[in-house]
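Here's a solo chain for you in structure tokens, the form predicted on its own.
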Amino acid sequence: MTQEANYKAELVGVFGHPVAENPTIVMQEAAFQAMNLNWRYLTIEVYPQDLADAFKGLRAMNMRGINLTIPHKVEVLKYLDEIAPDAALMGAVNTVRREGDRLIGENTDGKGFIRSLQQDVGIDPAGKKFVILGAGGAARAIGVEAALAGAQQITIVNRTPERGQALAALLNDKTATSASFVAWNSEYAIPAGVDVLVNATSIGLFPNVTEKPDIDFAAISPAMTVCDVVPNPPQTPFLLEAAARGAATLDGLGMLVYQGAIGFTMWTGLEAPVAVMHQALQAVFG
């Protein structure tokens, strides 16, 4: 007997608005092809008022999962059957996976950062002192995952006191780390003894590729690891300045690839072809 034909593609994708410039499709489709999987990644424009209907459609079409980007990462919580503990702590979901008829919310952003930190520059967060510039979604995800990974101390530096204080309070109340907030009203000098400095803002993101965070770069030392969440361009002026002062650097491309790889495994149950995914995005960002 010949094998029965199966023409059904498994569907995943991303809901967002705007979403046309989201490059996730590039690395996920490259991964599916490399693994010889009949899966498709759909980049879908979903307006805020239509998110409930979009999730009805996701369920009706038996999609295997979905990514969420702006502005849906918080609103999505009400349409899920379960939320992973770390995602619940962050109050945001960027990846949904299916278990039978249940939709489970996860957040892979911070996990992607931690995996990149560990595997690309060999830094274990446990016992380390972090400074995170910003208090938005990326900072929240990184702060929570760094705390859960055993970071000793996390300083949140942000221009809006309410958001920075809220994130520091969350980390102090819900994790074992020691967190503090510093108002970012002028040039910020990184304290001595900091192990990991993270730009978790959008400063330096295309098209504003000449911008740098307002910090005292003279305070950066070769003992620090300096990280940027900006993937486009990967080598931001922030990282180039840090490298010139002898610091190890970690670009945002690794975080983007690893969070996508974690999502790939959540959906397919297979080990993601990280090198293929990285190469695909590198070709996009240059």
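One rule holds for the numbers: they count along the sequence shown, beginning at 1. Everything numeric here is computed off the predicted structure, so don't read it as measured data.
What comes next is about the form predicted together with a small molecule, which does not appear here.
None of T155, S116, N158, T95 but one reaches within 4.5 angstroms of the small molecule in the model of the complex through a heavy atom, and that residue is N158. This chain is displayed without the small molecule, yet in the model of the complex the stretch 131 to 139 from 131 to 139, 169 to 177, 77 to 85, 97 to 105 comes within 4.5 Å of it by heavy atoms. Not displayed here, the small molecule is kept clear of Q28 by more than 4.5 Å at the level of heavy atoms in the model of the complex. I215 falls outside the set of residues with a heavy atom inside 4.5 Å of the small molecule in the model of the complex.
Proximity of L205 to the small molecule in the model of the complex: non-hydrogen atoms within 4.5 Å are present. By the criterion of a heavy atom within 4.5 Å, M255 is counted among the residues contacting the small molecule in the model of the complex.
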